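Just one chain follows, in the form predicted alone, and it is written as structure tokens.
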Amino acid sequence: MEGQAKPTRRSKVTGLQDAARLARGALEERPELCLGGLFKQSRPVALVRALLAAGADGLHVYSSPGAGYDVDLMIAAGAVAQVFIPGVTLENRLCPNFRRAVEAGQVTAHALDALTVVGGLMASAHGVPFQPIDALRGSDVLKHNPLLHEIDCPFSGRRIHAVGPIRPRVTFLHAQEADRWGNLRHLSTMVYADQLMARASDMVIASVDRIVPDEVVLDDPSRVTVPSYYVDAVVEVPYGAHPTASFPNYAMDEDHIDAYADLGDAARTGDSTGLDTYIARHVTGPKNQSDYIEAVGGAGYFAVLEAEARNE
């Protein structure tokens, strides 16, 4: 209509530290943080490190059904109060700081299953008060799962279990590409639960290995995996998932994760010197991602991970 200003579109690109401050402010209102990716694939590790460096604590952490290094690092930094994740593991070994903190009663690890987490996210994404979870009959998970409730089915009258909405205050995702408007592109064959988390959350902040020109997205819009209207901020962070993988760009850094786990095992038995040094070198010390890349080993080190992802 005449006289009305045309709608303007705002770029969602921001810096890593600004994103961390945005997330921390939101999490001070409500401490539920959800992490995308799965185990050692496409985890938003750079965002996690920045949030830790910003001083976040008392977090209630959710994830896709499988998490590992990033959650363990958050616990090592003293930022986590409760964990709502079915599996926290490095796959080839236990997460040492998670184990230590749970055994000491410093962190509460709730007994959950994958169906409960996915069902709770579905309830939030669909805007409904609960999601029926009927596949757990006969399981001892029902005795310990704090998120499940027994209800009467309105159709059959049979008693069934249901989970209420899981609505994270903030979700961190990592994808390989995005445009400036926040349209994410996962270039690997797996998107994990990232799309569901984005729909279920109050705020979504994504890291990407690179920001691409608008034309890249417009030329093939079907490859957008999380559209911009779900994304509040996007950060270009080269190697932002390290030491987890971001296929097809770079492989997971198993040597780095194993070395970290060795330090965690030592801390669990009483020698925390190495772990403290690791956190200072990789979390609180770097002022930006370039500093982190140098702390890990420099451009040549990451070139090896890139070549491994290409099977060279």
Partner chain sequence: MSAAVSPIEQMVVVLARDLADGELGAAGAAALVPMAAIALARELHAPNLTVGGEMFFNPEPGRLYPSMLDDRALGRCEAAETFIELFGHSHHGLDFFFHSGLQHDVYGNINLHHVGGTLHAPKMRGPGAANLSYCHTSSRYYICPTVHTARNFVETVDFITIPGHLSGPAAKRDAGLVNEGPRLVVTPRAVMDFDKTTLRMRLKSVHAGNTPEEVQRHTGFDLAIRGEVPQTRPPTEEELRVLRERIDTSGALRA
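Numbering follows the first chain given and starts at 1. The shown structure was predicted, so the numbers you read here are calculated from the model rather than taken from an experiment.
Form predicted in complex with the partner chain: not shown, discussed below.
- Partner contacts here mean any heavy atom within 4.5 Å of the partner chain in the predicted bound form, and among 51 to 59, 259 to 267, 35 to 43, 273 to 281 they occur only in 35 to 43.
- Only one of 203, 211, 81, 111 lies close to the partner chain in the predicted bound form, with a heavy atom inside 4.5 Å, and it is 111.
- Contact check for residue 239: every heavy atom lies farther than 4.5 Å from the partner chain in the predicted bound form.
- Taking the partner from the other structure, the partner chain in the predicted bound form has no heavy atom within 4.5 Å of any heavy atom of residue 244.
- Using a 4.5 angstroms threshold between heavy atoms, residue 88 counts as touching the partner chain in the predicted bound form.
- At a distance threshold of 4.5 angstroms between non-hydrogen atoms, residue 251 is in contact with the partner chain in the predicted bound form.
- Taking the partner chain as it sits in the predicted bound form, the stretch 98 to 126 comes within 4.5 angstroms of it through a non-hydrogen atom at 98, 99, 102, 103, 108, 109, 110, 111, 112, 113, 114, 115, 118, 119, 122, 124, 125, 126.
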